[in-house]
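A lone chain, given as structure tokens: the form predicted on its own.
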């Protein structure tokens, strides 16, 4: 489908209210999780008060991004009689935008929706691009489709509601986008602390604009867009592993931080990335690692998760790897023995930090 979605920035509460009141739809169906209902919905409630508004609350966290939650949303849309002239509003992080976007794609074969991201991860990355999905059979994003939002409204003021852990995890995606954007973007982002973003929101806007430029050139993820998967082949496997770990689950960005460490190592051996730069970037991403960390005994489980990655072709595990800041390769096939060795080396380094 064509990507006609837009990024809209709201710098103040007043700008956000004006934007929401200007949306020309009959009714609002607001999807929240229990955290965003408590912390974020009161900030937008008055802007939605001039027309009928129904709120549906789901449990928070990736662990609930399942078909059962999706069916509950669809049942509520149907029981409340929502139509194509109405609007679904995803008020939340990546889990809410993923599952809410999929519900919008499926209900009546597609209804309009917008994303109002409440996490740094979603503002910079997850709420843009039209990828919608739920996890299935323990595999992340196994069921989904492309269905683009009408708009994604980024209001940095919502970051004030975030716990520090969420803010730090989200910054991993900001750093990844900066690596792909080029050396200047990387130097700027890697020297900034996540806590400074509310006063320096341009970093968020730059990350979001970069992703949208890539998505508009390759909306259905057939080629160029796959550069955005840097760190995610290993990272998604770590995230899936953590969902079953008694000390888990990891936040998405925390898992991607570990994925970045492994894939920077692979980038040196398979894409020609300068080893000294990879070392410096590894030090930056290492700041965002959190337990649980897989052990060498978990490597076979991680490989099994990676075998289900959507980029794979002909039973080979494929990666997007960094050549240098601003340049990446897609579709790099790496044999499992070499991948196993890279994972062993990465985990050994982490354990000795």
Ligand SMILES: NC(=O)c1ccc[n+]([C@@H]2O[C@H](COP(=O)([O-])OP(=O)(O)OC[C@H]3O[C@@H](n4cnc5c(N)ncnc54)[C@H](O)[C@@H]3O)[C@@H](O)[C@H]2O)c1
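Positions refer to the first chain, counted from 1. Everything numeric here is computed off the predicted structure, so don't read it as measured data.
Another form exists, predicted together with the named molecule; not displayed. Remarks below refer to it.
Q: Does the named molecule, in the model of the complex, lie within 4.5 angstroms of each residue among 60, 93 and 166, using heavy atoms as the measure?
A: Every listed residue reaches the named molecule in the model of the complex, so yes.
Q: Heavy atom within 4.5 Å of the named molecule in the model of the complex: which of 103, 256, 122, 175 fits that? Just give me the one.
A: Exactly one listed residue reaches within 4.5 Å, namely 122.
Q: Going by heavy atom distances of 4.5 angstroms or less, which of 73, 214, 114, 126 would be at the interface with the named molecule in the model of the complex?
A: Filtering the options by heavy-atom distance leaves 126.
Q: Heavy atoms within 4.5 Å of the named molecule in the model of the complex: which of the stretches 181-189, 262-270, 74-82, 140-148 has them?
A: So the stretch in question is 140-148.
Q: With the partner left out of view, is residue 161 within 4.5 angstroms of the named molecule in the model of the complex by any non-hydrogen atom?
A: Yes, residue 161 is a contact residue.
Q: Counting only non-hydrogen atoms and a 4.5 angstroms cut-off, does residue 39 reach the named molecule in the model of the complex?
A: Yes, residue 39 is a contact residue.
Q: With heavy atoms only and a cut-off of 4.5 Å, decide whether residue 35 touches the named molecule in the model of the complex.
A: Taking the distances in the model of the complex, the answer for residue 35 is yes, it comes within 4.5 Å of the named molecule.
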